[in-house]
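This document starts with one chain, in the form predicted on its own, laid out as structure tokens.
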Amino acid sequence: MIKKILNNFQVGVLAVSSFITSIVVLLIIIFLFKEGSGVFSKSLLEDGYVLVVNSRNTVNSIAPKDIKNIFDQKIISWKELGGADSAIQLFSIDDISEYYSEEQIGSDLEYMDTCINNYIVNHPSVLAYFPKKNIAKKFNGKEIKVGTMGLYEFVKGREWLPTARPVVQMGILPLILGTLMVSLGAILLALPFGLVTAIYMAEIAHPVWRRIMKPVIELLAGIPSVVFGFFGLIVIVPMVQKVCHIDVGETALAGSIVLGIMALPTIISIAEDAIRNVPNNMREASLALGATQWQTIRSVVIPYAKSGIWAGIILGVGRAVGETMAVLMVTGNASNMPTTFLQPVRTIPATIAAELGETSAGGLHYSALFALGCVLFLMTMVLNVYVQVALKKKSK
């Protein structure tokens, strides 16, 4: 009786622990998506600022992209925005001293609001950008509505400028491509070396040598990523710069090499286990038919262990996709559209790590970084689902 009660208690403890763990993970995911969704509901205008035009201006709203083009002097006329045929005159609070004296503004800036209001009233073509707190009580201008970020613009945008003024630019396509490029390069480098090493350990190496190599390779997986980052910064980056004859060695190629080295232990360990689990009668049947050892490995062992090998590859990619510190140190962190492996790139994990400490909780930049976390979560989830399917296929 006591044994049965104790057994039920143990089962209950395990069930409760599993339930609590599942709930915590679910709550973390909900929190991640809740914070990330804020990027699609907040104005892209800098917090606490307004864009204002003369009350007679017929333009009521301007797209965020057009606002950036205006301040970059790519759009210079209101006619291009559906307004009058007149040149756009930009005005910010930093320009106030050029038009009004210190006496007019006030020694304590007490007349600043009135000066800004008068300037807007007297200049029909003005586009003013200033703090919201400086709007006069009897304001005669018209506030411009700035839209929010759409999902399509967020994913397909090509500029990541979360601190740009007056409107931020938050296109994550360069970050997605940078992440995929570095991860793809890492797996292309790690796959042949990892597979060859796994085959050697499982099929050719002496048992004593295998017992030495196996724990050493698995020990590599426990080395902190910052150590790999230092190695890459001191060794890989100068080597890439010298061999490729480029000005800067912090490139996608350097990141791929470092991540490839980091992914090797995972690929080797899982692939070696999969190859060793191939039944011996499969090998013996092949050899009995006259096949050589290499023909047996190529035509029998590897096809039989294919699912397990792919599982190791995908798990290695999963580590490469989510890696932060090593990538942050060797890829250059330039959020430009990557076209070759010899360019500096920026990945999603590196962006989150580099910028999260500089944001204010609840702001647009803060929400955008959480949205990046959601994108990274979806990418790794797809990889994990693929691994589960591969493993299930292997078991069958």
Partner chain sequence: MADTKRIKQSIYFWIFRAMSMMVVFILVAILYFIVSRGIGVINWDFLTKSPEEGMVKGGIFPAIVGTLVLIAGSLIFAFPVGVFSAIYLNEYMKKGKVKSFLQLMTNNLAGVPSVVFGLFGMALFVNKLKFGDSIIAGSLTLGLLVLPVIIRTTEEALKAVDDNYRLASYAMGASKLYTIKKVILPIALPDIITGLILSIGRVSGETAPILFTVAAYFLPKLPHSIFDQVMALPYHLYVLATSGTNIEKARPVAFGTALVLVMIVLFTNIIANVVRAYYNKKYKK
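Residue numbers count along the first chain shown, from 1. Predicted model, so just to flag it, every value in this text is computed and none were measured. Here the rigid core means the biggest group of C-alpha atoms that line up within 1.5 Å when the two forms are laid on top of each other.
Although it is not shown, the form predicted in complex with the partner chain is what the next lines describe.
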### Query
Is A164 a contact residue for the partner chain in the model of the complex, using a 4.5 Å heavy atom cut-off?
no
### Message
So in the model of the complex, is the partner chain close enough to Y49 to count as touching (4.5 Å, heavy atoms)?
### Response
no
### Task
Spell out, yes or no, whether the shortest heavy atom distance between T197 and the partner chain in the model of the complex is within 4.5 Å.
yes
### Message
Even though the partner isn't displayed, in the model of the complex is P349 close enough to the partner chain, meaning a heavy atom within 4.5 Å?
### Response
yes
### Message
I need to confirm a contact call. Of I70, L369, V53, I62, which residue comes within 4.5 Å of the partner chain in the model of the complex, counting heavy atoms only?
### Response
L369
### Task
Consider the chain as shown here, without its partner, and state which of S97, Q293, S77, Q104 has a heavy atom within 4.5 Å of the partner chain in the model of the complex.
Q293
### Message
So, a 4.5 angstroms cut-off on heavy atom distances: do all three of L32, V235 and I261 pass it with respect to the partner chain in the model of the complex?
### Response
yes
### Query
Out of 240-248, 106-114, 215-223, 177-185, where are the residues with a heavy atom within 4.5 Å of the partner chain in the model of the complex?
215-223
### Message
Within 4.5 Å of the partner chain in the model of the complex, counting any non-hydrogen atom, which residues from 6-37 show up?
### Response
N7, Q10, V11, V13, L14, A15, S17, S18, F19, I20, T21, S22, V24, V25, L27, I28, F31, L32, K34, E35
### CA of P192, rigid core aligned, shift of 2 Å or more between the shown form and the other one
no
### Task
Examine A353 after superposing the rigid core and state whether its CA is displaced by 2 Å or more between the shown form and the other one.
no
### Message
Would I28 count as moving between the shown form and the other one, using a Cα shift of 2 angstroms or more after superposing the core as the test?
### Response
yes
